[in-house]
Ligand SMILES: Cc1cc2nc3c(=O)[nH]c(=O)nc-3n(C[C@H](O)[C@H](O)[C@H](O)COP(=O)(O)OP(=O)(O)OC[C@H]3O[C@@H](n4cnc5c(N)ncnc54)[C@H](O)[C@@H]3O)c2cc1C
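Heads up, the chain below is alone and in the form predicted on its own; it's given as structure tokens.
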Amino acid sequence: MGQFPSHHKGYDFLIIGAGVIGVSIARELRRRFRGRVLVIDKESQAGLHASGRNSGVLHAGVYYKAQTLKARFCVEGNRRMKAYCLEKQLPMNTQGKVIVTKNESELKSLVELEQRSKANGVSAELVSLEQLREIEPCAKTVGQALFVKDTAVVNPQKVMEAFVADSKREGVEFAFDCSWSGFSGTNILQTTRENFLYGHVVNCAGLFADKVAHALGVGSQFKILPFRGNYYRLSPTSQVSVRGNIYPVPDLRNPFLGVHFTTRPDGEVTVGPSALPLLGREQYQGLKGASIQDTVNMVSYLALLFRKNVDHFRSFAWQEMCKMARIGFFREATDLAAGLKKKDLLPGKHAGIRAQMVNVHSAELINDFVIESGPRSTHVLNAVSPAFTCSLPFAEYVVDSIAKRND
């Protein structure tokens, strides 16, 4: 490990971003190299953005093509995260998930999901309508449904609290209310609090990961396009009963899964999310968080996606625009569950924002995780769902790549 001048704070590894990926990588680096490891975050605590605002679903690995990073880590990540929650006695719903069809044309995609499940080692089976009623009595489907036993739901905030506590016990240091502001020289990271010397920096900045990478000349073809996920809550008086999760068959050409029902460990049922493109990276409500610079950039990215229309982006965008109103949301949700009424949808508590990566050269939404290397740096780009599920084995993979570079 490197030695730093006494008048500077020096760290062997410095991680930007205290989300689930950043904290997991920090802990793995500390275990592997025993050096000084610091995680900085601009917020007052860890996981205040995507890691703490997601649905808490531990995905099983159904959707992802074999050999992708998502497929590679989802099954193992699911198993290890469930084991971690059991060890720490964290709340968890293990009732699984059903994927249902709304018309016969979706049966082909349902079979494709079953085949991907088998290829990825996921416990999933096609079930009849009668079998579906035994699993999720209120779920609707045409012909068949796919029952995914391994899907679970956790409380992401409690998981983050446990991850941070374990990391601190193992020697990882944290600096909160400390925002990255740039780089100087070959190994100085500038923040709003002070400057730090580092041996290697790991960029896990989520919504700002592209900006950090670009500052070191990395990943210029990649830009972040934020999508806000709004949720509704199912009224406790609703006739709809959901034990685990009810999902639609997704459009396998894009990375979004559509509106679904999720029963959290405390019994609350969420309905969502939407995927609305934003004019600001942290535009959680209304126009708050939008900026002129971000607006110009986002509009240009969206115009590119509309013009190129790769993977039928226009039809996806139109569907999401329809869900801006509750009636549009309701219409999509009624395809999944019998007995749902519009009054059953109550305002959600917290919206989340997906840091979706766009390749501006090819006008594509990136489906898989992306890791890029730079000068004394590693950049985790497009760490979107199922990143929470994949976090433990994914962190080991990233640290393996750092170790190989340092051999």
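All residue numbers refer to positions in the sequence shown, first residue = 1. Computed from a predicted model, the values in this text were never measured in an experiment.
Another form exists, predicted together with the named molecule; not displayed. Remarks below refer to it.
With a cut-off of 4.5 Å between heavy atoms, is V398 one of the residues that contacts the named molecule in the predicted complex? Contact check for V398: no, nothing within 4.5 Å of the named molecule in the predicted complex.
Flag G229 as yes or no: does it have a non-hydrogen atom within 4.5 angstroms of any non-hydrogen atom of the named molecule in the predicted complex? Output for G229 is yes: heavy atoms within 4.5 Å of the named molecule.
With the partner left out of view, is F330 within 4.5 angstroms of the named molecule in the predicted complex by any non-hydrogen atom? No, F330 stays farther than 4.5 Å from the named molecule in the predicted complex.
Touches the named molecule in the predicted complex: D41 (any heavy atom, 4.5 Å): Yes, contact at 4.5 Å.
Mind telling me which stretch in 131 to 139, 105 to 113, 199 to 207, 304 to 312 gets its heavy atoms within 4.5 Å of the named molecule in the predicted complex? Going through the listed ranges, the match is 199 to 207.
Listed residue that, although the named molecule is not shown, lies within 4.5 Å of it in the predicted complex (heavy atoms), from L365, V62, L345, V57: Only one listed residue qualifies here, and that residue is V57.
Is it true that R30, S377 and I402 each have at least one non-hydrogen atom within 4.5 Å of the named molecule in the predicted complex? Not a single listed residue reaches the named molecule in the predicted complex, so no.
Going through 12 to 34, which residues have a heavy atom within 4.5 Å of the named molecule in the predicted complex? Please give them in sequence order. The stretch touches the partner through I16, G17, A18, G19, V20, I21, G22.
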